[in-house]
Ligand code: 6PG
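A single chain comes next, written as C-alpha coordinates; it is the form predicted alone.
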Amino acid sequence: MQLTAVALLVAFSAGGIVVAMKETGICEIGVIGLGVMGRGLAANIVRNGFSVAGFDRGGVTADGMEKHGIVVHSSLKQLVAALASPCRIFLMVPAGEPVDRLIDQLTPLLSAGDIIIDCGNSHFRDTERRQEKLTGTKISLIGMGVSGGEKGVLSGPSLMPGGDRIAFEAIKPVLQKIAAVADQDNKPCVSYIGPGSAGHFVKMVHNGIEYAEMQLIGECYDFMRKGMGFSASQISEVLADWNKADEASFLIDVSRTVLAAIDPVTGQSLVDLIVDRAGQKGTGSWTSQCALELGVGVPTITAAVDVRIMSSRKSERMQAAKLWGDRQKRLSGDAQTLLNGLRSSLFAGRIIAFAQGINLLQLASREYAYNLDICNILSIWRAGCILRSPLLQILAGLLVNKEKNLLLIPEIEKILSPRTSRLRQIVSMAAQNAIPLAAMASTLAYIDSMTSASLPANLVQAQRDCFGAHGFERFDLPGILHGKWQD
(Lines give C-alpha, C1' and ligand atoms only; values in the text may rest on other atoms or scores of the structure.)
Protein backbone atom coordinates (compact mmCIF):
# COMPACT_ATOMS: atom_id res chain seq x y z
CA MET A 1 0.00 0.00 0.00
CA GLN A 2 1.42 3.40 -0.98
CA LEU A 3 1.51 6.09 1.70
CA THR A 4 -0.11 8.60 -0.67
CA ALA A 5 -3.17 6.38 -0.98
CA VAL A 6 -4.09 6.35 2.69
CA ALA A 7 -5.45 8.69 5.27
CA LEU A 8 -3.77 8.34 8.63
CA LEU A 9 -5.67 8.46 11.86
CA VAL A 10 -3.53 8.98 14.91
CA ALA A 11 -4.15 8.19 18.54
CA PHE A 12 -1.82 8.35 21.51
CA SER A 13 -0.95 5.47 23.79
CA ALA A 14 1.47 5.05 26.66
CA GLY A 15 4.02 3.68 24.22
CA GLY A 16 3.86 6.67 21.84
CA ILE A 17 1.96 7.32 18.61
CA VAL A 18 -0.14 4.55 17.19
CA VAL A 19 -0.96 4.98 13.48
CA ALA A 20 -4.10 3.36 12.08
CA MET A 21 -4.60 3.32 8.31
CA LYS A 22 -7.71 3.14 6.20
CA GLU A 23 -7.85 3.16 2.44
CA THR A 24 -9.72 6.28 1.41
CA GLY A 25 -7.56 7.69 -1.39
CA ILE A 26 -8.11 11.25 -0.16
CA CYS A 27 -7.13 13.44 2.79
CA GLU A 28 -9.37 15.84 4.63
CA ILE A 29 -6.94 18.72 5.22
CA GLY A 30 -4.01 20.20 3.31
CA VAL A 31 -1.08 21.97 4.97
CA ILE A 32 1.41 23.97 2.90
CA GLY A 33 4.64 24.85 4.66
CA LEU A 34 6.14 22.09 6.79
CA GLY A 35 8.65 24.05 8.82
CA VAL A 36 8.55 23.92 12.60
CA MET A 37 5.20 25.69 12.88
CA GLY A 38 3.58 23.98 9.88
CA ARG A 39 4.72 20.54 10.96
CA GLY A 40 3.39 21.19 14.45
CA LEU A 41 0.00 22.31 13.18
CA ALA A 42 -0.26 19.34 10.81
CA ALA A 43 0.62 16.92 13.60
CA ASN A 44 -1.98 18.59 15.82
CA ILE A 45 -4.64 18.15 13.12
CA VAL A 46 -3.74 14.48 12.62
CA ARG A 47 -3.72 13.80 16.34
CA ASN A 48 -7.29 15.06 16.48
CA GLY A 49 -8.54 12.56 13.91
CA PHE A 50 -8.20 14.32 10.55
CA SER A 51 -6.06 13.05 7.68
CA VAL A 52 -3.48 15.52 6.37
CA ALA A 53 -1.75 15.98 3.02
CA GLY A 54 1.29 18.24 3.13
CA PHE A 55 3.53 20.15 0.75
CA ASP A 56 6.66 22.19 1.35
CA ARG A 57 8.47 24.22 -1.27
CA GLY A 58 11.72 23.74 0.61
CA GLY A 59 11.80 20.08 -0.32
CA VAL A 60 10.52 18.45 2.86
CA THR A 61 9.93 14.79 2.02
CA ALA A 62 8.02 11.95 3.61
CA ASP A 63 11.10 11.13 5.68
CA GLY A 64 10.30 12.12 9.23
CA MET A 65 6.72 13.03 8.37
CA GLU A 66 5.30 9.51 8.52
CA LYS A 67 5.59 9.41 12.30
CA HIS A 68 3.31 12.46 12.41
CA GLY A 69 0.84 10.87 10.00
CA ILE A 70 1.42 13.53 7.34
CA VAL A 71 1.22 12.45 3.69
CA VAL A 72 3.79 14.58 1.85
CA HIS A 73 3.34 15.43 -1.84
CA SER A 74 5.91 16.74 -4.31
CA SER A 75 3.75 19.38 -5.99
CA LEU A 76 0.76 21.61 -5.34
CA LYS A 77 -1.14 19.80 -8.06
CA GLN A 78 -0.63 16.46 -6.33
CA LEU A 79 -1.63 17.99 -3.00
CA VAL A 80 -4.90 19.38 -4.32
CA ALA A 81 -5.69 16.11 -6.13
CA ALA A 82 -5.26 14.26 -2.83
CA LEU A 83 -7.81 16.39 -0.96
CA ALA A 84 -11.50 15.78 -0.46
CA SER A 85 -13.87 18.37 -1.88
CA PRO A 86 -14.27 21.09 -0.82
CA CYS A 87 -10.53 21.52 -0.31
CA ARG A 88 -9.44 22.98 3.01
CA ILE A 89 -5.82 24.16 2.83
CA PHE A 90 -3.84 25.76 5.67
CA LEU A 91 -0.97 28.04 4.63
CA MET A 92 1.92 27.97 7.12
CA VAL A 93 4.37 30.16 5.22
CA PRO A 94 5.96 33.56 5.98
CA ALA A 95 3.72 36.59 5.50
CA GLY A 96 4.04 38.76 2.43
CA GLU A 97 5.06 37.69 -1.07
CA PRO A 98 5.14 33.92 -0.29
CA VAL A 99 1.41 34.03 0.52
CA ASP A 100 0.57 35.94 -2.66
CA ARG A 101 2.62 33.53 -4.76
CA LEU A 102 0.96 30.46 -3.25
CA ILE A 103 -2.55 31.84 -3.67
CA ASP A 104 -1.81 32.65 -7.32
CA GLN A 105 -0.51 29.11 -7.89
CA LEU A 106 -3.38 27.45 -6.02
CA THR A 107 -6.22 29.41 -7.63
CA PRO A 108 -6.17 27.56 -11.00
CA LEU A 109 -6.11 24.23 -9.15
CA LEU A 110 -9.07 24.95 -6.86
CA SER A 111 -12.82 25.17 -7.40
CA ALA A 112 -15.69 27.25 -6.09
CA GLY A 113 -16.33 26.46 -2.46
CA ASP A 114 -12.71 25.57 -1.65
CA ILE A 115 -11.14 27.28 1.35
CA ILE A 116 -7.64 28.66 1.96
CA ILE A 117 -6.70 29.47 5.54
CA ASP A 118 -3.77 31.88 5.89
CA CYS A 119 -2.28 31.19 9.32
CA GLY A 120 0.63 33.63 9.07
CA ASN A 121 1.00 37.13 10.50
CA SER A 122 -0.26 38.75 7.33
CA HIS A 123 -1.02 42.47 7.34
CA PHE A 124 -4.79 42.86 7.48
CA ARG A 125 -4.74 45.08 4.38
CA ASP A 126 -3.05 42.28 2.43
CA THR A 127 -5.76 39.89 3.59
CA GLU A 128 -8.46 42.27 2.35
CA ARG A 129 -6.72 42.61 -1.01
CA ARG A 130 -6.41 38.84 -1.41
CA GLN A 131 -10.03 38.23 -0.44
CA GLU A 132 -11.15 40.81 -2.99
CA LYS A 133 -9.01 39.20 -5.67
CA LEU A 134 -10.60 35.80 -5.01
CA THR A 135 -14.18 37.10 -5.08
CA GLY A 136 -14.85 36.09 -8.67
CA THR A 137 -13.48 32.57 -8.14
CA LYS A 138 -15.78 31.88 -5.17
CA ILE A 139 -12.72 30.46 -3.39
CA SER A 140 -12.77 31.65 0.24
CA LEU A 141 -9.77 33.03 2.10
CA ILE A 142 -9.84 32.88 5.88
CA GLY A 143 -7.28 35.12 7.55
CA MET A 144 -6.55 33.39 10.85
CA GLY A 145 -4.37 34.64 13.67
CA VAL A 146 -2.54 31.82 15.45
CA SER A 147 -0.96 32.36 18.87
CA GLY A 148 0.98 29.86 20.91
CA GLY A 149 4.43 29.53 19.42
CA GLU A 150 6.14 26.29 18.54
CA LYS A 151 4.74 24.31 21.47
CA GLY A 152 1.30 25.87 21.37
CA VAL A 153 0.66 25.13 17.70
CA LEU A 154 1.35 21.46 18.37
CA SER A 155 -0.50 21.04 21.67
CA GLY A 156 -3.28 23.58 21.10
CA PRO A 157 -3.05 27.25 20.07
CA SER A 158 -5.43 30.17 20.37
CA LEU A 159 -7.07 30.73 16.98
CA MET A 160 -8.55 33.95 15.57
CA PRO A 161 -10.28 33.22 12.21
CA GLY A 162 -11.92 35.98 10.19
CA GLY A 163 -13.54 36.12 6.76
CA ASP A 164 -16.59 34.57 5.17
CA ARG A 165 -18.89 33.15 7.85
CA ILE A 166 -20.00 30.18 5.76
CA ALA A 167 -16.38 29.23 5.07
CA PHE A 168 -15.64 29.48 8.78
CA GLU A 169 -18.49 27.11 9.59
CA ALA A 170 -17.01 24.60 7.12
CA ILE A 171 -13.67 24.52 8.97
CA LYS A 172 -15.06 25.08 12.46
CA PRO A 173 -15.05 21.38 13.47
CA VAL A 174 -11.34 21.15 12.70
CA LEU A 175 -10.47 24.40 14.47
CA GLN A 176 -12.42 23.48 17.60
CA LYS A 177 -10.57 20.17 17.80
CA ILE A 178 -7.06 21.60 17.43
CA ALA A 179 -7.46 24.73 19.55
CA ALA A 180 -6.39 25.03 23.17
CA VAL A 181 -9.08 24.48 25.79
CA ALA A 182 -9.64 26.95 28.63
CA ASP A 183 -9.62 25.33 32.07
CA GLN A 184 -12.26 27.72 33.43
CA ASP A 185 -15.13 26.41 31.29
CA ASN A 186 -13.58 23.70 29.07
CA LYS A 187 -14.28 25.77 25.93
CA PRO A 188 -11.97 25.67 22.89
CA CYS A 189 -10.03 28.92 22.39
CA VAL A 190 -11.33 29.65 18.91
CA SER A 191 -14.28 31.64 17.67
CA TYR A 192 -15.40 33.50 14.59
CA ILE A 193 -13.83 36.95 14.92
CA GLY A 194 -15.61 38.83 12.15
CA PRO A 195 -15.83 39.46 8.41
CA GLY A 196 -13.02 40.33 6.03
CA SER A 197 -9.65 40.85 7.65
CA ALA A 198 -10.94 40.83 11.26
CA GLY A 199 -8.93 37.75 12.27
CA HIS A 200 -5.58 39.14 11.14
CA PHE A 201 -6.39 42.59 12.57
CA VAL A 202 -7.07 41.11 16.01
CA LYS A 203 -3.87 39.04 15.81
CA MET A 204 -1.94 42.21 14.94
CA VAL A 205 -3.26 43.97 18.04
CA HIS A 206 -2.57 40.84 20.10
CA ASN A 207 1.06 41.06 19.01
CA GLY A 208 1.19 44.76 19.83
CA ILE A 209 0.08 44.02 23.39
CA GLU A 210 2.63 41.19 23.44
CA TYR A 211 5.39 43.65 22.51
CA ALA A 212 4.32 45.91 25.37
CA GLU A 213 4.23 43.17 28.01
CA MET A 214 7.61 41.81 26.97
CA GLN A 215 9.13 45.30 27.19
CA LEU A 216 7.54 45.97 30.59
CA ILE A 217 9.01 42.73 31.96
CA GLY A 218 12.33 43.63 30.35
CA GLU A 219 12.31 46.99 32.13
CA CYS A 220 11.70 45.28 35.46
CA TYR A 221 14.70 43.07 34.70
CA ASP A 222 16.82 46.12 33.82
CA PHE A 223 15.73 47.97 36.98
CA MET A 224 16.71 45.03 39.19
CA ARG A 225 19.95 44.43 37.30
CA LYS A 226 21.24 48.01 37.06
CA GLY A 227 19.52 49.66 39.97
CA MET A 228 19.61 46.86 42.54
CA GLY A 229 22.57 44.75 41.42
CA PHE A 230 20.56 41.53 41.09
CA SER A 231 21.91 38.61 39.08
CA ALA A 232 19.86 36.86 36.40
CA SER A 233 19.16 33.93 38.72
CA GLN A 234 18.01 36.28 41.49
CA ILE A 235 15.67 38.09 39.08
CA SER A 236 14.32 34.69 38.01
CA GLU A 237 13.43 33.96 41.63
CA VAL A 238 11.68 37.33 41.95
CA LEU A 239 9.61 36.69 38.83
CA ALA A 240 8.69 33.23 40.14
CA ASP A 241 7.30 34.94 43.24
CA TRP A 242 5.38 37.46 41.12
CA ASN A 243 3.94 34.80 38.84
CA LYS A 244 1.03 33.98 41.11
CA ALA A 245 -2.74 34.46 41.20
CA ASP A 246 -4.16 37.38 39.19
CA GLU A 247 -0.73 38.83 38.37
CA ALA A 248 0.58 35.64 36.73
CA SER A 249 1.19 35.47 33.00
CA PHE A 250 2.74 33.15 30.45
CA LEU A 251 5.32 35.81 29.52
CA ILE A 252 6.40 36.29 33.13
CA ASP A 253 6.87 32.54 33.36
CA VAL A 254 8.86 32.50 30.11
CA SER A 255 11.06 35.29 31.48
CA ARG A 256 11.59 33.37 34.72
CA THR A 257 12.64 30.33 32.71
CA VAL A 258 15.15 32.11 30.47
CA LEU A 259 16.70 34.01 33.38
CA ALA A 260 17.30 30.73 35.21
CA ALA A 261 19.02 29.07 32.23
CA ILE A 262 22.76 28.40 32.49
CA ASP A 263 25.07 28.19 29.49
CA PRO A 264 26.61 24.66 29.60
CA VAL A 265 29.88 25.84 28.05
CA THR A 266 30.73 28.85 30.23
CA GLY A 267 28.62 28.14 33.30
CA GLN A 268 27.26 31.71 33.09
CA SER A 269 23.65 32.79 32.90
CA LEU A 270 22.73 32.32 29.25
CA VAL A 271 20.83 35.61 29.07
CA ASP A 272 24.03 37.50 29.97
CA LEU A 273 25.69 36.13 26.84
CA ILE A 274 22.92 37.19 24.46
CA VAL A 275 23.47 40.39 22.44
CA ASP A 276 20.99 43.10 23.46
CA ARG A 277 19.62 43.58 19.96
CA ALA A 278 15.95 42.53 19.62
CA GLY A 279 14.34 41.49 16.35
CA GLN A 280 10.80 42.11 15.17
CA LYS A 281 8.58 40.93 12.33
CA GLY A 282 6.50 44.08 11.94
CA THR A 283 3.24 43.37 13.78
CA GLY A 284 4.11 45.73 16.64
CA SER A 285 4.92 48.53 14.20
CA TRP A 286 1.71 47.84 12.28
CA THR A 287 -0.28 48.17 15.51
CA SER A 288 1.22 51.60 16.19
CA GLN A 289 0.74 52.72 12.59
CA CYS A 290 -2.88 51.61 12.52
CA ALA A 291 -3.52 53.32 15.87
CA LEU A 292 -2.20 56.58 14.41
CA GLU A 293 -4.48 56.19 11.38
CA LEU A 294 -7.53 55.62 13.59
CA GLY A 295 -6.60 58.30 16.13
CA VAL A 296 -6.05 55.94 19.06
CA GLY A 297 -3.27 56.49 21.60
CA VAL A 298 -1.20 53.33 22.25
CA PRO A 299 1.98 54.85 23.75
CA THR A 300 2.96 51.79 25.81
CA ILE A 301 2.87 49.59 22.70
CA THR A 302 4.66 52.23 20.61
CA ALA A 303 7.36 52.62 23.26
CA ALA A 304 8.01 48.88 23.10
CA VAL A 305 8.41 49.11 19.32
CA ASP A 306 10.70 52.14 19.67
CA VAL A 307 12.97 50.36 22.13
CA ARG A 308 13.34 47.36 19.82
CA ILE A 309 14.32 49.76 17.04
CA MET A 310 16.86 51.51 19.27
CA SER A 311 18.24 48.18 20.46
CA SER A 312 19.20 47.36 16.87
CA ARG A 313 21.61 50.33 16.86
CA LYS A 314 24.06 48.54 19.12
CA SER A 315 27.24 50.04 17.68
CA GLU A 316 25.97 53.61 18.03
CA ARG A 317 24.77 52.98 21.56
CA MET A 318 28.16 51.67 22.59
CA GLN A 319 29.88 54.73 21.12
CA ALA A 320 27.43 57.09 22.83
CA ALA A 321 27.81 55.27 26.15
CA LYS A 322 31.57 55.81 25.98
CA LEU A 323 31.13 59.50 25.14
CA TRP A 324 28.48 60.25 27.75
CA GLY A 325 30.01 58.13 30.51
CA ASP A 326 28.40 55.90 33.12
CA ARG A 327 25.47 57.74 34.74
CA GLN A 328 23.77 54.73 36.30
CA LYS A 329 23.98 54.46 40.06
CA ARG A 330 22.82 51.85 42.52
CA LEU A 331 19.45 52.76 44.03
CA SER A 332 19.14 53.35 47.75
CA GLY A 333 16.29 52.15 49.89
CA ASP A 334 14.83 48.89 51.14
CA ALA A 335 15.07 46.17 48.48
CA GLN A 336 11.69 44.64 49.27
CA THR A 337 10.00 48.03 49.06
CA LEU A 338 11.56 48.58 45.64
CA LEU A 339 10.46 45.12 44.49
CA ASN A 340 6.91 45.72 45.70
CA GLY A 341 6.82 48.98 43.76
CA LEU A 342 8.20 47.32 40.67
CA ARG A 343 5.69 44.49 40.88
CA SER A 344 2.80 46.96 41.13
CA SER A 345 4.23 48.94 38.21
CA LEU A 346 4.39 45.85 36.02
CA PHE A 347 0.78 44.90 36.74
CA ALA A 348 -0.38 48.47 36.06
CA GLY A 349 1.58 48.52 32.80
CA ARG A 350 0.08 45.23 31.67
CA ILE A 351 -3.46 46.46 32.35
CA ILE A 352 -2.79 49.67 30.42
CA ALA A 353 -1.29 47.73 27.49
CA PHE A 354 -4.53 45.74 27.30
CA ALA A 355 -6.57 48.93 27.70
CA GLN A 356 -4.77 50.50 24.74
CA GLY A 357 -5.13 47.37 22.60
CA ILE A 358 -8.81 46.98 23.48
CA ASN A 359 -9.46 50.65 22.69
CA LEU A 360 -7.87 50.13 19.26
CA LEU A 361 -10.06 47.06 18.66
CA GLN A 362 -13.16 49.02 19.67
CA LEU A 363 -12.53 51.81 17.18
CA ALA A 364 -11.43 49.44 14.41
CA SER A 365 -14.59 47.42 14.92
CA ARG A 366 -16.66 50.47 14.04
CA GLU A 367 -14.38 51.83 11.32
CA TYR A 368 -14.01 48.53 9.47
CA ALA A 369 -17.44 47.05 10.32
CA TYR A 370 -15.88 44.05 12.07
CA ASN A 371 -18.50 44.00 14.85
CA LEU A 372 -15.91 42.59 17.24
CA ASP A 373 -16.97 40.98 20.51
CA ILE A 374 -14.14 42.14 22.78
CA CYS A 375 -15.08 39.82 25.66
CA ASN A 376 -15.12 36.89 23.26
CA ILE A 377 -11.64 37.83 22.01
CA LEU A 378 -10.31 38.00 25.57
CA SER A 379 -11.93 34.64 26.19
CA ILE A 380 -10.12 32.87 23.35
CA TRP A 381 -6.81 34.34 24.56
CA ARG A 382 -7.16 32.53 27.91
CA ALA A 383 -5.30 29.35 26.86
CA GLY A 384 -2.72 28.35 24.27
CA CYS A 385 -1.97 32.02 23.74
CA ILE A 386 1.20 34.05 24.36
CA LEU A 387 -0.92 36.58 26.28
CA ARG A 388 -2.65 33.99 28.45
CA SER A 389 -3.12 35.19 31.99
CA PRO A 390 -5.79 35.35 34.73
CA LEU A 391 -5.94 39.07 33.93
CA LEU A 392 -7.93 38.23 30.78
CA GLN A 393 -10.73 36.71 32.82
CA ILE A 394 -10.79 39.77 35.08
CA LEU A 395 -10.97 42.21 32.18
CA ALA A 396 -13.64 40.21 30.36
CA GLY A 397 -15.74 40.16 33.51
CA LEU A 398 -15.49 43.94 33.91
CA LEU A 399 -15.98 44.85 30.25
CA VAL A 400 -19.74 44.34 30.18
CA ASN A 401 -20.11 47.23 27.73
CA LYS A 402 -17.84 46.22 24.85
CA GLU A 403 -17.53 49.88 23.76
CA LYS A 404 -16.34 51.23 27.11
CA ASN A 405 -12.81 52.45 27.78
CA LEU A 406 -11.28 50.38 30.59
CA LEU A 407 -10.22 53.55 32.42
CA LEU A 408 -13.90 54.48 32.83
CA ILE A 409 -14.66 51.32 34.81
CA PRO A 410 -14.67 51.97 38.59
CA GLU A 411 -13.18 48.56 39.43
CA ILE A 412 -10.22 49.26 37.14
CA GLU A 413 -9.65 52.59 38.90
CA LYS A 414 -9.54 50.76 42.23
CA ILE A 415 -6.94 48.33 40.87
CA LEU A 416 -4.82 50.98 39.14
CA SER A 417 -4.93 53.96 41.46
CA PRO A 418 -2.64 52.63 44.24
CA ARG A 419 -0.38 50.97 41.69
CA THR A 420 -0.07 54.22 39.72
CA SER A 421 1.45 55.90 42.78
CA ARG A 422 4.10 53.19 42.94
CA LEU A 423 4.62 53.38 39.17
CA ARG A 424 5.29 57.12 39.55
CA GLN A 425 7.93 56.42 42.21
CA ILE A 426 9.63 53.72 40.14
CA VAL A 427 9.73 55.84 36.97
CA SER A 428 11.06 58.81 38.95
CA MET A 429 13.84 56.79 40.60
CA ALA A 430 14.81 55.22 37.30
CA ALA A 431 14.93 58.61 35.56
CA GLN A 432 17.19 60.03 38.26
CA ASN A 433 19.57 57.10 37.80
CA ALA A 434 19.54 56.96 33.98
CA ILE A 435 17.76 53.58 33.85
CA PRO A 436 15.52 53.75 30.74
CA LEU A 437 11.94 52.67 31.42
CA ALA A 438 10.35 53.78 28.16
CA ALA A 439 7.23 51.61 28.35
CA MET A 440 6.59 52.30 32.03
CA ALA A 441 7.08 56.06 31.56
CA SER A 442 4.70 55.96 28.58
CA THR A 443 2.20 54.03 30.67
CA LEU A 444 2.33 56.68 33.40
CA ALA A 445 1.93 59.51 30.89
CA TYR A 446 -1.03 57.69 29.32
CA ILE A 447 -2.79 57.32 32.68
CA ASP A 448 -2.09 60.93 33.61
CA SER A 449 -3.29 62.20 30.22
CA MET A 450 -6.43 60.07 30.04
CA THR A 451 -7.44 60.97 33.59
CA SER A 452 -6.77 64.71 33.18
CA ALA A 453 -9.75 67.02 32.64
CA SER A 454 -7.53 69.51 30.83
CA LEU A 455 -4.53 69.15 28.54
CA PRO A 456 -2.33 71.80 26.85
CA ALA A 457 -4.06 71.14 23.51
CA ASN A 458 -5.73 74.58 23.83
CA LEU A 459 -2.29 76.18 23.37
CA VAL A 460 -1.54 73.81 20.48
CA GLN A 461 -4.77 74.88 18.75
CA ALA A 462 -3.91 78.55 19.33
CA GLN A 463 -0.45 77.96 17.85
CA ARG A 464 -1.95 76.22 14.80
CA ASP A 465 -4.39 79.06 14.25
CA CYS A 466 -1.69 81.72 14.71
CA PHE A 467 0.65 80.35 12.04
CA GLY A 468 -1.79 78.45 9.82
CA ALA A 469 -5.31 79.82 10.44
CA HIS A 470 -6.56 76.32 11.31
CA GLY A 471 -9.22 77.61 13.67
CA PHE A 472 -10.31 76.57 17.15
CA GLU A 473 -13.38 76.01 19.29
CA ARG A 474 -14.31 78.05 22.37
CA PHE A 475 -16.16 76.96 25.49
CA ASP A 476 -18.42 80.03 25.37
CA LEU A 477 -19.13 80.44 21.64
CA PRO A 478 -20.29 78.04 18.90
CA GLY A 479 -18.50 77.17 15.66
CA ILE A 480 -14.92 77.23 14.39
CA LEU A 481 -13.32 80.57 15.20
CA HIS A 482 -10.09 82.44 14.53
CA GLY A 483 -8.04 84.60 16.86
CA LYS A 484 -6.78 88.14 16.23
CA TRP A 485 -3.15 87.32 16.91
CA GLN A 486 -0.64 90.17 17.14
CA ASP A 487 3.13 89.97 16.68
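Residue indices: 1-based, along the sequence shown. Predicted model, so just to flag it, every value in this text is computed and none were measured.
What comes next is about the form predicted together with the ligand, which is not displayed.
**Q** Could you tell me which stretch in 200-208, 263-271, 337-345, 311-319 has residues with non-hydrogen atoms within 4.5 Å of the ligand in the predicted bound form?
**A** That would be stretch 200-208.
**Q** Find out whether any non-hydrogen atom of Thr287 is located within 4.5 angstroms of the ligand in the predicted bound form, and reply yes or no.
**A** Contact with the ligand, no.
**Q** Check whether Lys281 has any heavy atom within 4.5 Å of a heavy atom of the ligand in the predicted bound form, and answer yes or no.
**A** It does: once the ligand is placed as it appears in the predicted bound form, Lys281 has a heavy atom within 4.5 Å of it.
**Q** Would you check, heavy atoms only and a 4.5 Å threshold, whether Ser255 touches the ligand in the predicted bound form?
**A** Heavy-atom contact with the ligand at 4.5 Å: absent for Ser255.
**Q** Since only the chain is shown here, I'm wondering whether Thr302 would be in contact with the ligand in the predicted bound form (any heavy atom pair within 4.5 Å).
**A** Result no; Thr302 lies far from the ligand in the predicted bound form.
**Q** Considering non-hydrogen atoms and a 4.5 Å limit, which listed residue (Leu79, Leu361, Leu154, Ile386) is close to the ligand in the predicted bound form?
**A** The residue from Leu79, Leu361, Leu154, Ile386 that makes the contact is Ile386.
**Q** Pick from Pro161, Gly148, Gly357, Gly349: which residue has any heavy atom within 4.5 angstroms of the ligand in the predicted bound form?
**A** Going through each option in turn, the one that passes is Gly148.
**Q** Can you tell me which residues in 222-245 come within 4.5 angstroms of the ligand in the predicted bound form, by heavy atoms?
**A** Read in sequence order, no residue approaches the ligand (within 4.5 Å, in the predicted bound form).
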